[in-house]
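Let's start with one chain on its own, the form predicted on its own, as structure tokens.
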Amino acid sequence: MESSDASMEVAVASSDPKSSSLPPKPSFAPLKAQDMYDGRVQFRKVSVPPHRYSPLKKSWMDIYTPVYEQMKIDIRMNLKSRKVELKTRADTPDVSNLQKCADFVQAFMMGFDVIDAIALLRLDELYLESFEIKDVKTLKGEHLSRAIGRLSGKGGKTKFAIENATKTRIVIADTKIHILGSFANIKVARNSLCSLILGSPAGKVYSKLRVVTSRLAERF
């Protein structure tokens, strides 16, 4: 009986929070962007295609200012290798800024305007997607030319209609197509463009677009 009372006392004593002294809670200062990679500088390089060399010269300050001043990323043009080089600095607030800036420059090289491409720096949920006409259907000669004509429409009317309906930006560069937008919107725009490549008339694509965009508007 005495032994059971003693064990009870031990149990009560051990459950008392004051008696068991815990070590103090550690407080760590947040890591800086440089510290995440042991202080190593991170690099990105973006190739400049020959046809984008002149536009890059004209728009250089529009690209340089937001990257250097707002995102705190060093940027330079390497004339020998014809590449835009980006690297982190000691005062870069976030490592992801480097990839955002690389995507921004890449979007400009694909043919997007600086005003449209700069959205990649501001918003997180924007993506770039590229595909070729031959990925959808193998076309040659006049058939290919007509497909490109269907995609853009008279004076770019069809392309603008798809852009405005899906809140995306589209670049048609010969047989390559680049789309900039959110994941769901890119999917809708891509489906419309694929229908046009496969031979659907523009009117049918417009009516499908109206239905899909109204559904998207209801969802959000």
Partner chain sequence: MSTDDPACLDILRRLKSTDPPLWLAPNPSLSQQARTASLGLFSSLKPYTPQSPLDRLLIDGFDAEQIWQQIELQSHPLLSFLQREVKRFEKSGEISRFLAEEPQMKDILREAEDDQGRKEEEDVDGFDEDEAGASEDLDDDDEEEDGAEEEEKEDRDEVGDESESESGEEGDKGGIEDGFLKIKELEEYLQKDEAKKYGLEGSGKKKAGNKERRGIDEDESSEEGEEDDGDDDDEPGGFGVDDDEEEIENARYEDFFGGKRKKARRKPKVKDGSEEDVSEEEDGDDTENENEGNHNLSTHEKELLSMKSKIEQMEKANLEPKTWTMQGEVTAAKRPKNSALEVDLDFEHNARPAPVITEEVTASLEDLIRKRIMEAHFDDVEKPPSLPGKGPREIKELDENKSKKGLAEIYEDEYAQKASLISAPSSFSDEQKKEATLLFKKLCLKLDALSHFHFAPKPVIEDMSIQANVPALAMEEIAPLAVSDAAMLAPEEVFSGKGNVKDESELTQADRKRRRAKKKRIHKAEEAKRMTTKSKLRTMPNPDEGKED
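For clarity, every value in this text was computed on a predicted model and none was experimentally measured. Residue numbers count along the first chain shown, from 1.
Keep in mind the form predicted in complex with its partner chain is missing from the figure; the text below concerns it.
Heavy atoms within 4.5 Å of its partner chain in the predicted bound form map, among the stretches 23 to 31, 188 to 196, 168 to 176, 45 to 53, onto 168 to 176 alone. Against its partner chain in the predicted bound form, the set 113, 126 and 206 is in full contact: each member has a heavy atom within 4.5 Å. When its partner chain is considered in the predicted bound form, residue 157 lines it closely, a heavy atom lying within 4.5 Å. Its partner chain in the predicted bound form comes within 4.5 Å of no heavy atom belonging to residue 148.
Interface residue remark: residue 65 is not counted as part of the site for its partner chain in the predicted bound form, having no heavy atom within 4.5 Å. Using a 4.5 angstroms limit between non-hydrogen atoms, residue 41 is distant from its partner chain in the predicted bound form. Only one of the listed residues (144, 77, 95, 119) places a non-hydrogen atom within 4.5 angstroms of its partner chain in the predicted bound form, and that residue is 119.
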